[in-house]
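Shown here is one chain on its own, the form predicted on its own, set out as structure tokens.
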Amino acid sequence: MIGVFGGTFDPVHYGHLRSALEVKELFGLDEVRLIPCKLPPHRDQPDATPTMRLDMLQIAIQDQSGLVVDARELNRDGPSYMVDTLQSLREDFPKHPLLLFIGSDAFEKLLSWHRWQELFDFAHVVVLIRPGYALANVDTFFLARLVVNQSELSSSLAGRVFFQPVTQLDISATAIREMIARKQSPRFLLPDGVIKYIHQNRLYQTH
């Protein structure tokens, strides 16, 4: 099984990295592909350039096996729709179950995603939740695809919804950018190599 973990990563921080590592181990994944978004359709454009965000990701995971930086959205023109990304991954990995990992906030907005129903043609959707998270007002489309046994994800290539409690570190990329703009140290929120890169390239100096 292959995990798919998208985001702007502006900058990548330990909240992203801890979740990626944790789901790799929890689900016994072959790898987790971290996919930086080029043109996010639902939010402001990232502060750092695509190349810089890619560089920071590569620095962050250089010593961690099983985490892979995937630049396919950066190499594609137009808005970075996840359905296109999953279709591309399915072509590359026709026999592997794909697990798209999203947070509970993203799941609650999933009905607004571009061609959202087609996501399930290409992957399972795994919603990362805090322990004790209460489901509310879940659409019948998702309830019909909900599974509670993790093994059901490995027995089919796509189409299921699964909720997985994880350790969620309360770290915000927005807060990190604001901290750097105020000339405060973001150390222990993201890897030292990424902080060094940010300083060398004078990223996030103003906000």
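Sequential numbering from 1, following the sequence displayed. Since we're looking at a predicted model, the values are computed, not measured.
If you look for the form predicted together with a small molecule, you will not find it shown, but the lines that follow are about it.
Stretch-level contact analysis of 141 to 149, 65 to 73, 162 to 170, 23 to 31 against the small molecule in the predicted bound form, using heavy atoms and a 4.5 Å limit, identifies 162 to 170. Residue contact with the small molecule in the predicted bound form: Pro79 places no heavy atom within 4.5 Å of it. In the predicted bound form, Thr174 approaches the small molecule with a heavy atom inside 4.5 Å. Taking the partner from elsewhere, Gly6 is found to have a heavy atom lying within 4.5 Å of the small molecule in the predicted bound form. Proximity of Glu91 to the small molecule in the predicted bound form falls outside the 4.5 Å heavy atom cutoff.
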